[in-house]
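Take a look at this single chain, the form predicted on its own, given in structure tokens.
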């Protein structure tokens, strides 16, 4: 899930300076859960805009604005109203803004800020995150990612600064390597600490040319 926060209304109004009307589109996916998208957020923002003298040509929601097919279908349904507006105001994450902007020749303003969570989460939001390193070491660490759970992203054991099981950088955080140690101990796999993990190859975080030419990377590839 991608987390977003709505921008302050003053910032939104500043983006719309010089424009007379806008069409509001809200994402009914992650943003709706964050209350920064969906019908309720669209209506509330519409009222604020109109109270500030901005005409709202129309409102709609798209189930997932990161899906360009859904964006296109909704735009077609509201094309006349969108054409009459000076711009689109999108209540979604940065991906949704880019997606809808790519399927219509109309200026799109972002109403939200996308919040970085330290790694991409699964569609079911939980503590597990992935840094998308391209070189997973979970096999050696009992299924606990050291890149995410260790503040220093160390791959070969703790730094030695742990105190009372807490990280020396952020004392609110449990030491990631202590969690790994406890997990491996519980699983009788402490011998994994004797295996040296090679230095991270950051080039693996960039998709290869081969992958970039497949539909897994870009569904629009022919």
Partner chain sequence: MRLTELFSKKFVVTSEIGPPKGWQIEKCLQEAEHLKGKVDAINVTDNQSSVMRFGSLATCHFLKDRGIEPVYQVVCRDRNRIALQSDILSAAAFGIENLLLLTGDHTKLGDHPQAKPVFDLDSVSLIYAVKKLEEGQDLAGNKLESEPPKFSIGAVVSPCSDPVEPQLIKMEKKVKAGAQFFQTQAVYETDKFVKFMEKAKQFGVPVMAGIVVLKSVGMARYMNENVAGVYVPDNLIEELKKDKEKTKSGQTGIEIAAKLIKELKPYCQGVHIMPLGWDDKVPKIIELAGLS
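So that the term is clear: the rigid core is the largest set of C-alpha atoms that superpose within 1.5 Å between two forms. Numbering follows the first chain given and starts at 1. Small disclaimer: the values here were computed from a predicted structure and weren't measured.
We do not show the form predicted in complex with the partner chain, though everything after this point is about it.
Asks: Please run the contact check for residue 157 against the partner chain in the predicted complex: heavy atoms, 4.5 angstroms, yes or no?
Replies: Although the partner chain is absent here, residue 157 would touch it in the predicted complex, with heavy atoms inside 4.5 Å.
Asks: At 4.5 Å between heavy atoms, is residue 67 in contact with the partner chain in the predicted complex?
Replies: Contact with the partner chain, no.
Asks: Examine residue 199 and determine whether its closest non-hydrogen atom to the partner chain in the predicted complex is within 4.5 angstroms.
Replies: Residue 199: yes, in contact with the partner chain in the predicted complex.
Asks: Taking 4.5 angstroms as the cut-off for heavy atoms, does residue 44 touch the partner chain in the predicted complex?
Replies: Result no; residue 44 lies far from the partner chain in the predicted complex.
Asks: Exactly one residue in 174, 35, 39, 168 has a non-hydrogen atom within 4.5 Å of the partner chain in the predicted complex; which is it?
Replies: In short, 168.
Asks: Only one of 126-134, 144-152, 105-113, 79-87 gets a heavy atom within 4.5 Å of the partner chain in the predicted complex; which is it?
Replies: Going by heavy atoms within 4.5 Å, the stretch is 144-152.
Asks: What are the residues of 174-190, in order along the chain, with a heavy atom within 4.5 Å of the partner chain in the predicted complex?
Replies: Contacting residues: 178, 181, 185, 190.
Asks: After a rigid core superposition, would you say the CA of residue 60 moves by 2 angstroms or more between the shown form and the other one, or not?
Replies: After core superposition, the C-alpha of residue 60 moves less than 2 Å between the shown form and the other one.
Asks: Answer yes if the CA of residue 157 moves 2 Å or more between the shown form and the other one after aligning the rigid core, and no otherwise.
Replies: After core superposition, the C-alpha of residue 157 moves 2 Å or more between the shown form and the other one.
Asks: Does residue 196 move its CA by 2 angstroms or more between the shown form and the other one when the core is aligned?
Replies: The answer is yes; the displacement is at least 2 Å.
Asks: Knowing the Cα distance between residue 205 and residue 29 changes 3 Å or more in the predicted complex, does it shrink or grow relative to here?
Replies: Closer in the predicted complex, by 3 Å or more.
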